[in-house]
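One chain follows as C-alpha cells, the form predicted on its own.
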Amino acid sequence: MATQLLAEMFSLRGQVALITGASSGLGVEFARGLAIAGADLLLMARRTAPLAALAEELRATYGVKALALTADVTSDSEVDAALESAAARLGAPNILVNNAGVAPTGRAENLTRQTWEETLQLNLTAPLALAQKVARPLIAERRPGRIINIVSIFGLVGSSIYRMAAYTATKGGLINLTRQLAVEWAPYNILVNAIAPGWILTEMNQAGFQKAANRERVERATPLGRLGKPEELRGAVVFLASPAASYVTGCVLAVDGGYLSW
C-alpha cells in the first residue's frame, strides 16, 4: 500500500513534457528522469540525430512515447511548427523544462554586443516565449501545468572561476522571471519553479575540468568535495513536475553539493 502511494506521489503517467536542449548534457538526464516517472516526451533541439537516438532509447527502455522535434528555440516559426506537429501526434505539453542555453566565457570588458544579445536571446527570451506557448492553451482550457526553468547557482552568485558576465546576468534574470510567472500564473494552477545546478560535469565543461587546478578549486569550494553527476539532477526535475510538488511554486531548487551554503 505504502509503495503504491509513493509511486502515485511521483507518477507522471498521462503527462506530456517538452524539454528543450534535449540533444545532450543535462537535457538528456532531465528526459530520462521524466521518462522513468512515466511522462511522454517531446524532445527539442537543433541536432536531429542525437534527438532521434534519445527518443528511441526512451521508448525502448521506459515504454513511454517520445518524439524528436528539430527546432531552434530562438525561432518562433520553427518552435510553432514543431509544437503543431507534436500536438497532432502526442498532444500539447503540460510540462515544460526550459533547458536550452549557452555559457560564453571571457572577460567582461571584452564582451561583445553580439555575444551579449545572442546569450540573452537563448537564455532568457526563448524561455519566456516557450513558457507563453505552453501556458496559453493551459490557461484557456483551465488545465494545470508545470514550468521548470533550468538556471544556475551563478544566477544567484558571481563566478570567480570562469568569467561569464552574459551567462550570470541571463540566469539571474531567468530566476526572477520564474518568480514573476509563478505569481501571475498561480491562479491557473500553473506552477513555475527553477532548478539551479552547481558544478555538474557535462560535455559543455569537461574540457575546462581536464585542468587539474580548475577541478581542485571547484571541489574545494563545494562542501561535498566533488563535482556533481548529470544523473543527480533527475530527482529534482521529477519532484517539481510531480504531484508531490503541488504546493511548490516560485522556488529555486539548488542541486549544488552545498556550494551556496557557505
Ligand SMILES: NC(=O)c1ccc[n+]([C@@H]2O[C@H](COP(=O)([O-])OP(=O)(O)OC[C@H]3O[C@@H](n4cnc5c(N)ncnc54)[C@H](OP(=O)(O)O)[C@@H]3O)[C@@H](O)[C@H]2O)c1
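The numbering used is simple: start at 1 and walk along the sequence shown. The model shown is predicted, which means the values in this text are computed figures rather than measured ones.
Quick note: we don't show the form predicted in complex with this ligand, though the next part is all about it.
- Thinking of this ligand in the model of the complex, which stretch from 132 to 140, 84 to 92, 99 to 107, 177 to 185 has heavy atoms inside 4.5 Å of it? Residues of 99 to 107 come within 4.5 Å of the partner.
- Task: Indicate whether this ligand has at least one heavy atom within 4.5 Å of a heavy atom of Arg217 in the model of the complex.
- Result: Output for Arg217 is no: heavy atoms all beyond 4.5 Å of this ligand.
- Query: At the 4.5 Å heavy atom threshold, is Arg46 in contact with this ligand in the model of the complex?
  - Reply: Judged by the heavy-atom cut-off of 4.5 Å, Arg46 is in contact with this ligand in the model of the complex.
- Task: May I ask you to state whether Lys171 is within 4.5 Å of this ligand in the model of the complex, using heavy atom distances?
- Result: Residue-level check for Lys171: yes, a contact with this ligand.
- Query: If you check in the model of the complex, is Ala165 within 4.5 Å of this ligand, heavy atoms only?
  - Reply: Residue-level check for Ala165: no, no contact with this ligand.
- Task: Would you check whether this ligand, in the model of the complex, lies within 4.5 angstroms of a non-hydrogen atom from each of Ala22, Leu122 and Ile150?
- Result: Each of the three qualifies.
- Query: Which of these residues, Ala52, Ala221, Met204, Ile36, gets a heavy atom within 4.5 Å of this ligand in the model of the complex?
  - Reply: Spelling it out, the residue with a heavy atom inside the cut-off is Met204.
- Item | Partner-contacting position among Leu67, Val64, Ile200, Ala236 - heavy atom within 4.5 Å of this ligand in the model of the complex | Contact check passes for Ile200.
- Message: Pick out the residues of 56 to 83 whose heavy atoms come within 4.5 Å of this ligand in the model of the complex.
- Response: Stretch hits, in order: Ala71, Asp72, Val73, Thr74.
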